[in-house]
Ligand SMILES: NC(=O)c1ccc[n+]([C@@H]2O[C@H](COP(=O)([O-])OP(=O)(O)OC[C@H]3O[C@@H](n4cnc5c(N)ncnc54)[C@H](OP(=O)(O)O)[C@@H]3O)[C@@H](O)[C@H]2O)c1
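Taking the form predicted alone, here's one chain by itself in structure tokens.
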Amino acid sequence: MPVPTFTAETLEPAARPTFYFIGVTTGSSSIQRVFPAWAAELGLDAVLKGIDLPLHAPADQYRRVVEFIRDDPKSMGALVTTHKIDLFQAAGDLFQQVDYFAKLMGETSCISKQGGDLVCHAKDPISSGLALDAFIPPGYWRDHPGATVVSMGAGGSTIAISWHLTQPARGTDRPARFITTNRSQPRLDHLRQVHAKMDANVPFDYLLNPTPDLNDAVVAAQPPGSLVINATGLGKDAPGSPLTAAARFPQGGLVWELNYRGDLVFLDQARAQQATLNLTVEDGWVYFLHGWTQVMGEVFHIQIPTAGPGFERLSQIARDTR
């Protein structure tokens, strides 16, 4: 996969109201085809433009992107994928407003403008929660009292998912344990710091697993009914899977591939065991829908439904365009 090239020419003053997509391989995303159809449906006079940055880009690149969006009058805002934590760490001081979740989680998934202020949002706790609730029925964790979560990857998605699933308001409908694995230590340290500020009362484990075989062992050790998540970006931002071909998922478990495009090796691994292990397997399409519509609502200052006929209409438009 080629490394994105970022130059000064990447940022040009917008001729029309422009909504940005800050990622790694933005040109391959379905949103390039979906957004124009959604904009027509919602009556938005705006275009979408991708900004590709390499993984863990230099801080000055993140700052230049944020400063450009802040200063360009026709730049409406942005959705941020992959770079959520790095962008916040590099450019968090450039925002006049930072919402509660962005402060708690130390990330930026949405940039908007309100009353002359540049605003930093973290929308993943809402969008990931909506996506989770779409395939995990209420009371699931109560009905599977020993079941755990294994989230491979310690970035912004795992932070948001762990918040949603461990909130005290869920009562007993929470996993018995939340385990995060990652290939490098700094992200695990950041996650631990975020969890220390949460009133979760669910045990958290942080495992440094630099190779897929270590993830295999963790996944195989989980009780029946457990949830296994690929939150690494492997399969989309880089090829491959966080598991080897020898991995075995928990009997009767849930498997969530956060990606919906790419080589999706992890999704293929889960589907190969779906029938024999009675797995519920979900890809990232519904997460994609909620992630984008939540951010669009903030950037364009409109209410976008999260369920019912209004959301189904947008979902059908996306499916037809995809």
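As the structure is a computational prediction, the values presented were derived from the model and not from experiment. Between two forms, the rigid core is defined as the largest C-alpha subset superposing within 1.5 Å. When you see a residue number, it is the position in the sequence shown, counting from 1.
Another form, the form predicted in complex with the ligand, is not on view; read the next lines as being about it.
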>> On the criterion of a non-hydrogen atom at 4.5 angstroms or closer, are Y62, R70 and S112 all touching the ligand in the model of the complex?
In response: no
> Is there a non-hydrogen atom of A231 within 4.5 angstroms of a non-hydrogen atom of the ligand in the model of the complex?
Replying inline: yes
> Within a 4.5 Å heavy atom cut-off, is A78 in contact with the ligand in the model of the complex?
Replying inline: no
>> Within 4.5 Å, heavy atoms only: does G155 come near the ligand in the model of the complex?
In response: yes
> Looking at the partner-bound form in the model of the complex, is T293 within 4.5 Å of the ligand by any heavy atom?
Replying inline: no
> Out of the stretches listed (32-40, 46-54, 254-262, 268-276), which one is close to the ligand in the model of the complex, meaning heavy atoms within 4.5 Å?
Replying inline: 254-262
> So which of R183, K103, H195, H164 reaches within 4.5 angstroms of the ligand in the model of the complex, heavy atom to heavy atom?
Replying inline: R183
> Does any residue in 275-306 get within 4.5 Å of the ligand in the model of the complex, counting heavy atoms only, and if so which ones?
Replying inline: G284, Y287, F288
> Comparing between the shown form and the other one on the rigid core: C-alpha of H190 shifted by 2 Å or more?
Replying inline: no
>> Does H144 move appreciably between the shown form and the other one, meaning a CA displacement of 2 Å or more on the superposed rigid core?
In response: no
